[in-house]
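Presented below, as structure tokens, is a lone chain in the form predicted on its own.
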């Protein structure tokens, strides 16, 4: 065997040499193996005169034959193609003209099996554009398709909808049942979402438990609403997670091109804003974007920025509102109430910033500041010779989830020098019931320290006597919503009477909040409630005015 022939046979590619008319002059063993494997039988190579023989192996034989004719009609042209075989494999074919001096005397072909390479490349492309857990397109894929379909919608003057979908309380499921159950839930949600959409619609996993949907070729806004309603219905059947049947709802925000935005970024932002409105409206529903949402969102973002600076600039102050024993006229307790004195916006009501602080976590450092300031103020009152009374401080749901809450309270009491019996912590009924066992443990540890515990806004949440008896509460505070209509609504009066009777049975102190009129005071007294708080006796006062109030009682 010549050196040239040995080299010809040693190459990894299948090599074929033809003359200028396409007739076979030579080929190597690797070439024969490639096509023989395709037929899974011996090839009669003596019948193999020209390249038309290869067409029998290919899925698109006519296309291949047309390519061959073009190449031999234009002998100077090089080519590179990938052909699909009938057995599912892919062969890469390259062809170059063979020259002798300035003349083209034939062609040299090389063939290679690229099936595995193409599969690997396809897998890489898939992984780059899809979420591996759910199999749904990912954020990049969604954004690319949104740009394409938005351009079509602009050209066709058609409607297009972007939706954000978020699972309600997913974190609670993930934390309580574990990540395996959470992953299983996301996979099942993805399956249900696919079944709700039309062929041209796209659903992608955006991040975590958030999904995005892209609906094109809509006739009207109601088409998008109908799909949102279909999705909500699809979520109603229970999910089987790790052997547990759980109900999981979702919230959906909807934005429509062109009314809610003419570019991808605006549509996504507005759909997200509509989602948060759906969640604020009670979850398990959908909400269409309106311009009013945007102004509220802007105000919310501005407020959040101001709030971060307020912590740094120490713009918070405490006001104090007394609780009165109306029989003796004595002030029995002061409730510390947080106020924000903004240098430009003035005094900002707690209802405007407390929910925001709760959501972004700032309530934790703010709450610790409130506790320390209130305890220090109570020590100052006692050091001034005023009769010792309790100071009450509110604890939020976020603070109750602090792992070091009990240690923090103990540290504050030690630093300020306030005896634990002169501190009362108020927790709302709804907060208590969010995590019963954890709350119970924390409250008992605080109770053992000597701190008094009060259930605030009683009657507005679960109002379960079975739960109430398990917690170490000293005080029930009757919510002002019942006190407000006490003298005009028989139902409110009956509720207040029942709360008072229950409190007496459980040996709890009762305090009525929001007392504003003498008629309300007398009505509460007739129901055997002696301790009250409200504007009838005093509004919340700055520390210096609260001090004067205490001094006037003492004198």
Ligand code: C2E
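As the structure is a computational prediction, the values presented were derived from the model and not from experiment. Residue numbers count along the first chain shown, from 1.
Separately, the form predicted in complex with the named molecule exists; it is not shown, and the next lines address it.
Checking 219 to 227, 161 to 169, 264 to 272, 350 to 358 against the named molecule in the model of the complex, the stretch whose residues place heavy atoms within 4.5 Å of it is 350 to 358. For the candidate spot formed by 134, 204 and 250, no residue has a non-hydrogen atom within 4.5 angstroms of the named molecule in the model of the complex.
Under a 4.5 angstroms non-hydrogen atom cutoff, the named molecule in the model of the complex lacks residue 89 among its neighbouring residues. Although the partner is absent here, residue 516 is a contact residue: one of its heavy atoms lies within 4.5 angstroms of the named molecule in the model of the complex. Residue contact check for residue 534: one or more of its heavy atoms lie within 4.5 Å of the named molecule in the model of the complex. Although the partner is absent here, residue 382 lies well away from the named molecule in the model of the complex, with no heavy atom inside 4.5 Å. This chain appears without its partner; in the model of the complex, the one residue of 260, 424, 456, 209 with a heavy atom within 4.5 Å of the named molecule is 456.
Of the residues given (325, 184, 290, 396), 396 alone sits with a heavy atom within 4.5 Å of the named molecule in the model of the complex.
In sequence order, 321, 335, 336, 337, 338, 339 are the residues of 310 to 345 having a heavy atom within 4.5 Å of the named molecule in the model of the complex; the partner itself is omitted from this view.
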